[in-house]
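Only one chain is given next, in structure tokens, and it is the form predicted alone.
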């Protein structure tokens, strides 16, 4: 039997609709307010591992912020993550920005790789979307004059200068055993830019560059690179590569019994990575790196590390970098007291935030670059990653040159 809608039913439905329209505030009050924040990471493709690590840090920060009461100046509004997979390409990052702009996010965090950060922040600038770069080290990211783009960590100019200064200290303290160098780098924006800087600066510091070897990302075979290193027989090898390529290079050097006096990395994707250390301890032993790292003196940093490791994940710098970036953004939104994009940009520009978990000074953005950011030097020792520079932050002494 067909059920008929009578006049009484129709009137009841009309009354319900009218009540809904008349009292929107009551219904909205029942739903917790939210602030939409975009998170872009390359969780598929060649950079998937790094992207997944960055996602862990962002999610941990959002949980901590929301558990602590959310954005209090907005009535306890919770941060709602709108996640986007950059698919390890600049085009993928740009596509996610377009989607997030349409979803009305208030800001974006992440990107990881320099090409992705360049493209995504450029796309975000068309919508006045605040973009907080987590890692991307190419200095061109923050020298374009984009008012929406901020980088939390140091760029490769700062890291390379610090790394080279520390290399001289380490080499001098050991009696200057290293005089010749071979540079190995990935052939993208990050690696090529860093190699160019090293080529200019190493000779000034008394090192002779025997060769500069580029490789693609991804790479499936490092035999040819290893053979070139063996032929040149340098005292030092300085590699700047992403995770997969660095692991492959080090395993190949180990298999071919190529052992220079030291392997000194700058912004390397594997040298300060517990996944590499745990999976290939012999290949990783004594690797030195100048890179991002958390501050082990800070209880929040160590607690986060323990939580991540207890979940079966490896601790990498991507996690604290994204955690801190999200916390800084939340602080800006709190001070702005608004989800308006321009007000958030203004608040980021006036940031003095010092509650992050990196070994940095207070956050101060000048031209989009955080002036408080600084790298540290690490070394793999006996299955652990130790800080060796600066000395007031170090928890181990450097082992150099490598034991025979």
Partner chain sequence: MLSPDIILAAVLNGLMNGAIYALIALGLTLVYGVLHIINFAHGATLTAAMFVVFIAFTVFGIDPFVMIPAMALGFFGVGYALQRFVVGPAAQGSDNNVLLITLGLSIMIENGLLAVFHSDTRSIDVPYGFSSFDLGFTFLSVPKVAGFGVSLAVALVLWVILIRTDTGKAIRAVARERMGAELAGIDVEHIFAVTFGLGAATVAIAACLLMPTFYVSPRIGNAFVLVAFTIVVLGGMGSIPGAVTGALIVGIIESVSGLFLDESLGQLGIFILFILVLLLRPTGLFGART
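Here the rigid core means the biggest group of C-alpha atoms that line up within 1.5 Å when the two forms are laid on top of each other. Numbering follows the first chain given and starts at 1. No experiment lies behind these values; they were computed from the predicted model shown.
The same protein has a further form, the form predicted in complex with the partner chain, not shown here; the description that follows concerns it.
S.K.: Please pick, from 48, 60, 347, 374, the one residue with any non-hydrogen atom lying within 4.5 angstroms of the partner chain in the model of the complex.
M.R.: The option sitting close enough to the partner is 48.
S.K.: Since exactly one of 34, 66, 338, 44 fits, which has a heavy atom within 4.5 Å of the partner chain in the model of the complex?
M.R.: Comparing distances to the partner chain in the model of the complex, the residue within 4.5 Å is 44.
S.K.: Is there a heavy atom of residue 208 lying 4.5 Å or less from a heavy atom of the partner chain in the model of the complex?
M.R.: Judged by the heavy-atom cut-off of 4.5 Å, residue 208 is well away from the partner chain in the model of the complex.
S.K.: So in the model of the complex, is the partner chain close enough to residue 256 to count as touching (4.5 Å, heavy atoms)?
M.R.: Judged by the heavy-atom cut-off of 4.5 Å, residue 256 is in contact with the partner chain in the model of the complex.
S.K.: With the partner left out here, check for me: in the model of the complex, does some heavy atom of residue 334 sit within 4.5 Å of the partner chain?
M.R.: Contact check for residue 334: no, nothing within 4.5 Å of the partner chain in the model of the complex.
S.K.: Can you tell me whether residue 243 touches the partner chain? I mean in the model of the complex, with a 4.5 angstroms heavy atom cut-off.
M.R.: Heavy-atom contact with the partner chain at 4.5 Å: present for residue 243.
S.K.: At 4.5 Å between heavy atoms, only one of the stretches 285-293, 156-164, 208-216, 74-82 reaches the partner chain in the model of the complex; which one is it?
M.R.: Contact-bearing stretch, as computed: 208-216.
S.K.: Looking at the partner chain in the model of the complex, is some heavy atom of each of 187, 225 and 251 within 4.5 Å of it?
M.R.: Contact check passed for all of 187, 225 and 251.
S.K.: Can you name the residues of 266-296 that have a heavy atom within 4.5 Å of the partner chain in the model of the complex?
M.R.: Read in sequence order, the residues that approach the partner chain (within 4.5 Å, in the model of the complex) are 275, 279, 280.
S.K.: Following rigid core alignment, is the displacement of the residue 210 C-alpha between the shown form and the other one equal to or greater than 2 angstroms?
M.R.: Yes, its C-alpha moves 2 Å or more.
S.K.: Residue 108: with the rigid core matched between the shown form and the other one, does its Cα shift 2 Å or more?
M.R.: Where the cores coincide, residue 108 shows only a C-alpha shift between the shown form and the other one that is less than 2 Å.
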